[in-house]
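The chain below stands alone, shown as structure tokens; this is the form predicted alone.
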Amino acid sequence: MEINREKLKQQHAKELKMFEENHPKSKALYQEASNYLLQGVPLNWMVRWSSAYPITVVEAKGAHLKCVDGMDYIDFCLGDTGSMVGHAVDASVKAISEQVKKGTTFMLPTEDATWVGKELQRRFGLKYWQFTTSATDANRFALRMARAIFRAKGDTKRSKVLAFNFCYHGSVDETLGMVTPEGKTTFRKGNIGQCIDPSVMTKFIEWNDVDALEEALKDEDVIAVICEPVMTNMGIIHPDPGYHDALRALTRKYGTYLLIDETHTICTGIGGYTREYGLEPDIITAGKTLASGIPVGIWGVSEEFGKLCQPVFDSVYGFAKGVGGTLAANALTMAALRATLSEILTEDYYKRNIALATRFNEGVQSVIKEFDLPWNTKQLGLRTEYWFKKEPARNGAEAYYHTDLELDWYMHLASLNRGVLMTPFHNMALICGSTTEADVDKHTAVFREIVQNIL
């Protein structure tokens, strides 16, 4: 069955009207904020919701949040992974509150740092760790270090990074490009103020294309391949069987470092996709959820890579430029990291929530099957997503060229009007420790209602 586009337009207009009628206080606050804040919000992304203006949040706890207009929402967005553990979880609230009383930042280590480093080594298998204020910085610093190591060896030929089409690694300049259908690396739409042609810094190829991977690496001018182990920026795009084996084999064959970004794929298990599937990267990065919403990034490296870092640091007079930050690895972040890793992100946490994510996914699939829709769903641990394409995409371009913004905006807004908050940039849902079967089943019922309204 196909979507009735005329009904879609009419129903979307009704949903916009319903939203405005139900959110007058949010509208008033947004209008007032427009006098002081660019676009009326403290961060541009906050206007990228499907509504005419964002709801203003009063408080959140567990899997629910409330807005100033008194509405309660089941939160399946969870800060786009930033609050994947849930909102205001007791264990993290306690640790954060206690550390605030003792001081938040000293530019000196605390005992928590040693505990966290040891735990990350246990979970991910890499020897040495450093901390930043975001996963973007973790990726940026790791790439800088890889480049510095090659330069220290006298290898000036290697200058480029290899990334995948429609990837996402934060605002790292090397990853803000794309490859055209003709195979040309160029600027990616939406990049603001990029000053260097991406082809100078990066080679972009499609995910799951082994031949393109070897072709890009064989000139031996790539310092590192950066990738999520499962692409998540264009829906969930799993690797083909054997793809990670080929990726690791080819990076070793051509002397290129392999950087795995687990920022979103930490939803897979306690050591991310890397631990669950036995990957062997040289570098791992992650962030967001690991400190229960306190800004954090981590980057870990193999013992061999770590030993090569030391002479690079030793060659620096004063402190290392371009790798660090006054607030990085502060005491508050370390306390939050320790609490999150020790008391929240446990094996039991993942077991319980992955089962609920499966229930969520099966609910969406049941509606797709009932109405014979040309859509598909994917699941990765406690993350699930649906896409308006009959067959699952194998790479970023396949997913991108099947994006349906008109349908996206309607589905998000109609869900919001019925008390279900989905991630604005995706049709993605996350399950946390406070999500219940009733929450999941409500989404299924809402999903069915809003789909039926446009058939």
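Given the structure is predicted, the values throughout are model-derived calculations rather than measurements. The first residue of the sequence shown is number 1, and the count goes up from there.
Beyond what is shown, the protein has a form predicted in complex with a small molecule; the following relates to that form.
For the marked spot (T136, E228 and N233), a heavy atom within 4.5 Å of the small molecule in the model of the complex is present in each of the three residues.
The contact residue chosen from N353, N330, T274, T263 relative to the small molecule in the model of the complex is T263, the criterion being a non-hydrogen atom within 4.5 angstroms. G170 is the sole member of P239, G306, G117, G170 with a non-hydrogen atom lying within 4.5 angstroms of the small molecule in the model of the complex. Look at 307-315, 100-108, 209-217, 255-263: in the model of the complex, residues with non-hydrogen atoms within 4.5 angstroms of the small molecule sit in 255-263. The small molecule in the model of the complex is approached by K288, whose closest heavy atom lies within 4.5 angstroms of it.
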